[in-house]
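First, one chain by itself in structure tokens, the form predicted on its own.
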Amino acid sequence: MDISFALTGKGYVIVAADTTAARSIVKMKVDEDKIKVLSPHLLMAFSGEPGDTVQFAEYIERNIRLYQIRNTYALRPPSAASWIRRALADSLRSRRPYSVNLLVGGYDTSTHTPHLYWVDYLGTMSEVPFAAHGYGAYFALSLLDRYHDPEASLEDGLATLRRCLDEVAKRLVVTPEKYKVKVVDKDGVREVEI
């Protein structure tokens, strides 16, 4: 059961994901990082089937890095999100489809704007101001709809995220213990405590 949230603000994207790795009723790990840093200003939260998520995330990470090595510059967030969506859609039409849901967030250094993309396992992509995947989405999307402000400071964005995490902890039967939170802005990707 994976839970991930993301939201944009004035010059940043916040991405949060739970750190629990579980299968059925067994909790196998409590320190799993489900947010992959793809480039200095791009990250991706992934959820879905355990084998698929790790393999697809590493495939994406390596190919985006290869693009950067070949072309001496990194992909901008809109281009990277389109390529990721295409890779997921192509796998869907193969014999081995990936069952992976993604939140792709990045900061475009050329236009100085944050971007957030919601991608599901069917290859559907949409640019959104906030997003969620997993059971936590049932509780958090209404809060994000009410409290999200595209001009909010980073502290206000983290407070909105904290509301979502508190609501999930209060209402969801099987609540994750910990979340990993990463922020991407003009300074790059960094992890923050919440």
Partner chain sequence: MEAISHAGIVIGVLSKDGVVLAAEKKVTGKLLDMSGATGGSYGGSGEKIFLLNSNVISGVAGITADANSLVNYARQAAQRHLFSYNEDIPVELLAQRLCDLKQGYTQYGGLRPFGVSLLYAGYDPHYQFQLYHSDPSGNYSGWKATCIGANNGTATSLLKQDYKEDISVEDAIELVLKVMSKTMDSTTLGSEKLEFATLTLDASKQPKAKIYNPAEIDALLQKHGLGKKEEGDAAAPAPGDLTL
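Every value quoted in this text rests on a predicted model; they were computed, and no experiment measured them. Numbering follows the first chain given and starts at 1.
The discussion below concerns the form predicted together with its partner chain, not included here.
> Give me the residue from Tyr67, Tyr59, Tyr147, Tyr138 that has a heavy atom within 4.5 Å of its partner chain in the predicted bound form.
Of the candidates Tyr67, Tyr59, Tyr147, Tyr138, Tyr67 is the one lying within 4.5 Å of its partner chain in the predicted bound form.
> Only one of Thr124, Thr113, Ser82, Ser99 has a non-hydrogen atom within 4.5 angstroms of its partner chain in the predicted bound form; which is it?
If I apply the 4.5 Å criterion carefully, the residue I get is Ser82.
> Would you classify Val119 as touching its partner chain in the predicted bound form, given a 4.5 Å non-hydrogen atom cut-off?
Contact with its partner chain, no.
> So in the predicted bound form, is its partner chain close enough to Ser94 to count as touching (4.5 Å, heavy atoms)?
Output for Ser94 is no: heavy atoms all beyond 4.5 Å of its partner chain.
> Heavy atoms within 4.5 Å of its partner chain in the predicted bound form is the criterion; list the residues of 35-61 that meet it.
Contacts from 35-61: none.
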